[in-house]
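Shown next as structure tokens: one chain only, the form predicted on its own.
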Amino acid sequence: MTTAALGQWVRRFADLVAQHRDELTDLDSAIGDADHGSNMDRGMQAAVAALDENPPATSKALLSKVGMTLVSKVGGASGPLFGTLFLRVGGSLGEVAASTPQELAAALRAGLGGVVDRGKAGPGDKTMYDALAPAVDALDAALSDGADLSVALQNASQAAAAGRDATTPMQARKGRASYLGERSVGHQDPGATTVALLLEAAAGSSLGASGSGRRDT
């Protein structure tokens, strides 16, 4: 899994956010500020532009640039939360040009930890955690069972989508949506929806090219 593959993942995620921008904004209009889609689209387009302007050579440099761009360009809670996710993943991978699938899984778990540290959310709070945590668990489980990274990422993507769907009947306990109380029930969480796009992007990118565990060069 090379730095180039990580860059393709980021670009694929940016494309998916742009494609689903209006959907994400509609979801946020029901339980938030009605700006999640436009904010994330603006942030990811800025992140891709930053990568194009000065392509990073290492995993940490690439993902840190994405994370810092999101923190600076995306308003509300989404910028700090998704920015922290990318920053922690990059920090875990380190200043290397390639990583193993197991290192990616550990990095995504570190990213989950960053989201928890930043947002203080847990299972059932109706946040991005409810899609991200099952995805990280599914990735770990698949790799432990001997699956190659492409299969493991497909499993993680499916788990994220299931977690996203599971937020609909939940009552929000964190963030602006929590102010609505029972009125938040019946609405899919936009942050969890964006996480599902992130894992869909990973599964559809070249990240799986590193196979079952060797370090690519």
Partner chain sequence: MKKLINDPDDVVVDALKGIEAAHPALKVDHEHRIVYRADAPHTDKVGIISGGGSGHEPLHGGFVGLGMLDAACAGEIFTSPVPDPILAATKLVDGGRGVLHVVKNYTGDVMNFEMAAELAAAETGGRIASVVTNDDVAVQDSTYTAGRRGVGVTVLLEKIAGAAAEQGRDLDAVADVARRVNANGRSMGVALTSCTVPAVGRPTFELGEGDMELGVGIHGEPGRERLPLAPAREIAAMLVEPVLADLPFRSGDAVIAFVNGLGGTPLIELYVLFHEVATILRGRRIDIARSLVGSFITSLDMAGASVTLVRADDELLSLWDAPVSTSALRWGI
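These numbers come from a predicted model, not from an experiment. Positions refer to the first chain, counted from 1.
Beyond what is shown, the protein has a form predicted in complex with its partner chain; the following relates to that form.
Enquirer: Just to be sure I understand the contacts: of 113, 75, 94, 123, which is the one whose heavy atoms reach within 4.5 angstroms of its partner chain in the model of the complex?
Expert: Selected option: 75.
Enquirer: Just give me the single entry in 139, 108, 81, 131 that has a non-hydrogen atom within 4.5 angstroms of its partner chain in the model of the complex.
Expert: The residue in contact is 81.
Enquirer: At 4.5 Å between heavy atoms, only one of the stretches 65-73, 185-193, 51-59, 146-154 reaches its partner chain in the model of the complex; which one is it?
Expert: Partner-contacting stretch among the options: 65-73.
Enquirer: Is residue 180 one of the residues lying within 4.5 Å of its partner chain in the model of the complex, judged by heavy atom distances?
Expert: Result yes; residue 180 sits at the interface with its partner chain in the model of the complex.
Enquirer: Though the partner is not shown here, which residues of 34-66 have a heavy atom within 4.5 Å of its partner chain in the model of the complex?
Expert: The stretch 34-66, when checked against its partner chain in the model of the complex, contributes only 35 at the 4.5 Å heavy-atom cut-off.
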